[in-house]
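Before any questions on how it binds or moves, here is one chain, the form predicted on its own, in structure tokens.
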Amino acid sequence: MSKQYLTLHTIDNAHPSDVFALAAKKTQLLSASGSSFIRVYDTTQPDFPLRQTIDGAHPLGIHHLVTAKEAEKAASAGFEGKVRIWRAGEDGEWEAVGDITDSNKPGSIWAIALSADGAYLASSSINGKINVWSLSEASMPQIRSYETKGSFGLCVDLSADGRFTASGHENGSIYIFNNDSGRLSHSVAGLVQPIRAVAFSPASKLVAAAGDARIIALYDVLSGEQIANFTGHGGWVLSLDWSDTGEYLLSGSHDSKAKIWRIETRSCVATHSHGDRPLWTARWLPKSTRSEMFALGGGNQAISFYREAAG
């Protein structure tokens, strides 16, 4: 059974270069690109107006940007090798509250993820190490360091309950670590080719992984067993995001297309094109009405917003 989504609005020239990352809050969408600034859009208005531009966030551009689901906190990773932590005030304006550096070299910190409460940040690196940092302490110390087989960690995620960290690597490896014990839980059967996105389900029971194989694989977190495959993209899968209920998975691909997958039926229920350039990032917006909404960003430098036709 298919679902219909309508294009609500498109912000052309949202950034002067590829839009690499989108991160949503209840009333805002943050965006980042190869440029040095972060932009914040108001998602409560039909034309999604620009609310704030954070200039000079990272001098060489930004490759990852994430928000905490339950806290007014965000983190951005720049090509210079630094992670900057942001906090939103009562007026909704964002300001920097600190930096994390790990040798401060490009690639020393690559992908990042925030825990739901904003207390922890996980990062991957070019040497394969996966690190976890405590943001509740002023010095933001590193509290976990997980060893892998040394392959570039292209993506990372923290489970909503905070118990697990997952990472995907250039050699196709996928790891699930237990944050309570500090040990590896599973090295799961990978997809052979580079893994560019990993994402835990809202209930922390499943993890999705995808990349150059053009396949989205679904794994059981506790057993490490692969329970499903989703196929249909014609290019590398670059982005994965679960809906709030865990019923749907949103994927974005180098083939310029976003797809929505229904987990229960293991089927694709909607496909949308975002120009003819790579679709680097696809994100659900927090549900504030009866209708689901999501946003897409990529190589066409635009951000497009979609809403479920029903409701």
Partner chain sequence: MEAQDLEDILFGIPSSQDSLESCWNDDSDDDMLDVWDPFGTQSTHAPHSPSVEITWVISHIEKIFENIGAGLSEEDGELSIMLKTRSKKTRREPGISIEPRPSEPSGLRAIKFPGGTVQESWRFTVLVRILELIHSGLTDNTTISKRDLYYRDPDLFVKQSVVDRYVDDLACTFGVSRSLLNVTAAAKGLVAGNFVIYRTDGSSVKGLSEKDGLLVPTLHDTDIVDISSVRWVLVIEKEATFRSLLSSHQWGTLSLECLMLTAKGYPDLASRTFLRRIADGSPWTPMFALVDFDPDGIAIMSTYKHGSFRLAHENVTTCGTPSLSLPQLRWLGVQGHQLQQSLLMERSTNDGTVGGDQGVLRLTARDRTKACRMLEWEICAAGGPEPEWRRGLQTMLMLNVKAEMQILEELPGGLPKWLARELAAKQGGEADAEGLSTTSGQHRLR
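Numbering follows the first chain given and starts at 1. Since the model is a prediction, treat every value here as computed from it, not as a measurement.
The same protein also has a form predicted together with the partner chain, omitted here; what follows describes it.
Please run the contact check for residue 280 against the partner chain in the model of the complex: heavy atoms, 4.5 angstroms, yes or no?
Residue 280: contacts the partner chain in the model of the complex.
Give a yes/no on whether residue 212 approaches the partner chain to within 4.5 Å in the model of the complex, heavy atoms considered.
Result yes; residue 212 sits at the interface with the partner chain in the model of the complex.
Answer yes if any heavy atom of residue 262 is within 4.5 Å of a heavy atom of the partner chain in the model of the complex; otherwise answer no.
Contact check for residue 262: no, nothing within 4.5 Å of the partner chain in the model of the complex.
Counting only non-hydrogen atoms and a 4.5 angstroms cut-off, does residue 234 reach the partner chain in the model of the complex?
The answer is yes: residue 234 has a heavy atom within 4.5 Å of the partner chain.
Candidate spot 9, 49 and 310, all three touching the partner chain in the model of the complex (heavy atom, 4.5 Å)
No: none of 9, 49 and 310 comes within 4.5 Å of the partner chain in the model of the complex.
90 to 98, 191 to 199, 157 to 165, 177 to 185: which one contacts the partner chain in the model of the complex at 4.5 Å, heavy atom to heavy atom?
Only one stretch passes the 4.5 Å heavy-atom test: 191 to 199.
Output the sequence-ordered list of residues from 69 to 87 with at least one heavy atom within 4.5 Å of the partner chain in the model of the complex.
Stretch hits: a single one, 79.
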